[in-house]
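Only one chain is given next, in structure tokens, and it is the form predicted on its own.
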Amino acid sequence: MLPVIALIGRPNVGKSTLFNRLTRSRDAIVADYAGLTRDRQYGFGKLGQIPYIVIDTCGVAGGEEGIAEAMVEQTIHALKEADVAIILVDARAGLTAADEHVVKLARKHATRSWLAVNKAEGLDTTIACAEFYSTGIADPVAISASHGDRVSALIEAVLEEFEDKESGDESDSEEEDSALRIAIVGRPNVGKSTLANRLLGEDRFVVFDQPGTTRDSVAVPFERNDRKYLLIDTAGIRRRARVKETVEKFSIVKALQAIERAQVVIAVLDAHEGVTEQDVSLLGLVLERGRALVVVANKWDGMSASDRRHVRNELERRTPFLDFAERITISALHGTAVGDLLPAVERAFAAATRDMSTTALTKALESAVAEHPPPLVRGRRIRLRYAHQGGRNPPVIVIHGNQTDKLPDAYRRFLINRFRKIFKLKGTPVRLSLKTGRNPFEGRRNKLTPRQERKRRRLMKHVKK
């Protein structure tokens, strides 16, 4: 399971800035005034060697009332669902009463805590940390979230205890390693557990007509046609504003961990409710993790032809970024078209793990460039020379050339669609990595011959001073 890190602290100490630094995104809004963050923000950490989930929280100062009191509850829930809490303090403001209140909160609810002394750029690290030893948290780390100073060292130290667990997860049973891992995700009450029971052929999961019945991610191995599978049924992910029960708040992290663990994700939508904002956000999260995907519209039975047409149009309109994924309409309750799911999952996994030779990729690149050449940049044509495979699940195609950093997004999409069509990469996202070769003559000037020097001096005589 992915470790979970919660960022806590009083207002305006740089929690959202550190969140953006760790996730390499701009998901958390950052501004130079306190109280901007009011809800928990989840993200996948991209800094460090071990994958993890990071949670941004609102600022806590003590004595909150009204909406601020509800915001503190959000922070407490984040501490309870996290494996590690990073307490942020301000090196330039020094230790305050609000900082001491946050430390007490962490001692009460967090499993383990680290102290990060932020805004320490340009300061002596020993002097910046000296005042905060009185909190009782050993080995505070001086960092600068905005400049990135020592942030990598902090996260490596925090994740060091999870290295053994990570290696232990990799050495799981051979049966689980050989099985195709499938995660079923979606909003509450869309029929995930019903679908899981239908795939398993037994009532393995509790099914009830009430959102939030499933509270944890449950993995069940099964076998079909001599092929081993590991089916992961997850708790429903809903908007955090609608998450009321503490136990359900834990389920969100479990579902995110299941997405990371899976090789193929089945995203279940409720056809009667259409495509909601939360569905789009969840599908975007699966795409961000590069997982092979099958989109399923459940509860298709009993719908009129016009309603079915409306749902299909909504899915096309709101998820144009998922044009690669197979879309299947089913009824998990009655079993209609459920038999089409596992073949679609197999096709998506085969596409995600397909081997593509350098020769074939380069030929595909050359045909695409011949049909539609890259645009000119300052009068110079972008040259794309050759391509090779850089990874699988999802497929990564590395293209070498010159001025590749100036290649427009529209042309990148054109290349991805061309590769997807030629190599039949249906059901998986494709990532493009562009590499620009170094010019060996960059910064060097040609040395003129004696004859060229004489000609240059002769011409210079005619230049007006």
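Note that the structure is predicted; figures quoted are calculated from it, not measured. Throughout, we count residues from 1 along the sequence that is shown. If you superpose the two forms and keep the largest set of C-alpha atoms that fall within 1.5 Å, you have the rigid core.
The discussion below concerns the form predicted together with a small molecule, not included here.
Every member of the trio Asn12, Glu121 and Ser146 reaches the small molecule in the model of the complex with some non-hydrogen atom inside 4.5 Å. Contact annotation: Cys58 falls within 4.5 Å of the small molecule in the model of the complex, judged by heavy atom distances. Thr23 falls outside the set of residues with a heavy atom inside 4.5 Å of the small molecule in the model of the complex. Partner contacts here mean any heavy atom within 4.5 Å of the small molecule in the model of the complex, and among 260-268, 323-331, 138-146, 102-110 they occur only in 138-146. After superposing the rigid core, the Cα of Lys299 is displaced by less than 2 Å between this form and the one not shown. In this overlay on the rigid core, His272 has a C-alpha that sits less than 2 Å away from its partner position between this form and the one not shown.
Taking 2 Å as the criterion, Val102 counts as shifted between this form and the one not shown: its C-alpha moves by at least this amount when the rigid core is aligned.
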